[in-house]
Every structure is written in C-alpha cells, then in structure tokens.
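For reference, the chain that follows is the form predicted alone, supplied as structure tokens.
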C-alpha cells in the first residue's frame, strides 16, 4: 500500500477511507490499524484527528447522515414524515454499515440530531404535543432502523447460496401440524422480507394510527 503523501492526511481523508473499509469488510471488521494500513501511515498518526475508534465511528456516521436531504417544506406533514423515513431507509440500503453505526451509537453526533430536529419540527408544527412528538419520533426511527436492518440481512442471505439453502431447509422442515399458519403463509411471508412495498406498508400503518391522534 502506497504511503499517504506528507502533509496530506486529514480528518476527511481518514473518514472516507474508514467508510470504504466498512463497506468492503463490514463495520465489525473495522479497526484503526486497518485504516492506518490502508493510508500507509502508522496508527498513531490517526490519533491527531480521532482519540479512539468510537470518535471515528461517529465521524463516519455523521458524514453519512449529512447526505440526507432536508425535509420538504411544501408538503403535508404525513408526506414530510414519509420523505424523512424513506430517505433514511434508502441511505442505509446504499450504505449498510450505517445501520450498524446507528444501532451501536444512536444518540451520538450532530448530524443524527439534525435529522431528529427535522422530524420533530414537522410533528410539532402539525400540532402534536411534546410527548406525542417525542414518542412518535422514537417509534418511527426504530421502525426504519429495524425494518431496514432486517432487509439488509435478508438480502445478504439471498446472495449467500449456503445461507439461503439453510433458510429454505428450515422452512421446508416445519410441520404443518405444529406451525399451520407459518406453513400456509410461507409464500406470502417470503414476499414481505423487504422492498419498497413492504416498507411503505408498515410506515402507512404507523401513520394511520398517528393521524387518529391529529390535534383537532
């Protein structure tokens, strides 16, 4: 690996390199030593910019969250909420390591707070009280994170022939006597493991419930 030219190391370069490594090897395999090796510098050189791995994690997550578009200002509040949730899901699908970073350190970073501010602002402007807005924000965030993490994992298993074989073998081994509903609905369940339609189905259910609480 060629060494990074003298005086060209920067926090931005380190973040970009860390992101590339996370996307090629997974966030679990990420290390400061790996980033340093990729840049051709000693690990201690990174400590000028980041005190530890958690700080670099937060910087990568903030970099990605900063890519989210602003909340559309010319739409009804349900459509604004949909736009925020859909954009976050799309970003996680494009950068699967983001799901791990958000799950591991969900309350760190200014960019995460910026996204929360946008969604909370929409809910408060729609007239929801403070507690309803806060609970709705948390419910929507965990829905997007959980459903998209599931979607990412299922997509990875489909790409792995052995993992897909094991899943099919498990489903085929289920007894219709012990699991009648699962066996009967297996084709339908297979169609709900991800995709735009399934995500919007769940999001619409949440919004339908929320609209019943819309202040009069």
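Superpose the two forms; the largest set of C-alphas matching within 1.5 Å is the rigid core. Just so we're clear, the structure is a prediction, and the values are computed from it rather than from any experiment. Positions refer to the first chain, counted from 1.
There is another form of this protein, the form predicted together with a further copy of the same chain, and it is not shown here; the text below is about that form.
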### Summary
a further copy of the same chain in the predicted complex has a heavy atom of only one listed residue within 4.5 Å, and of 67, 37, 45, 185 that residue is 185
### Summary
Students should find that, of 78, 72, 127, 121, the residue having a non-hydrogen atom no more than 4.5 angstroms from a further copy of the same chain in the predicted complex is 121
### Query
Is the gap between residue 33 and a further copy of the same chain in the predicted complex 4.5 Å or less for some heavy atom pair?
no
### Message
Does any part of residue 192 reach within 4.5 Å of a further copy of the same chain in the predicted complex? Heavy atoms only, please.
### Response
yes
### Task
Answer with yes or no whether residue 49 is in contact with a further copy of the same chain in the predicted complex, where contact means some heavy atom within 4.5 Å.
no
### Query
Any of the heavy atoms of residue 86 lying within 4.5 Å of a further copy of the same chain in the predicted complex?
no
### Residues of stretch 190 to 205 in contact with a further copy of the same chain in the predicted complex (4.5 Å, non-hydrogen atom)
191, 192, 197, 198, 201, 202, 204, 205
### Task
With both forms fitted on the core, give yes or no for whether the Cα of residue 178 moves by 2 angstroms or more between the shown form and the other one.
no
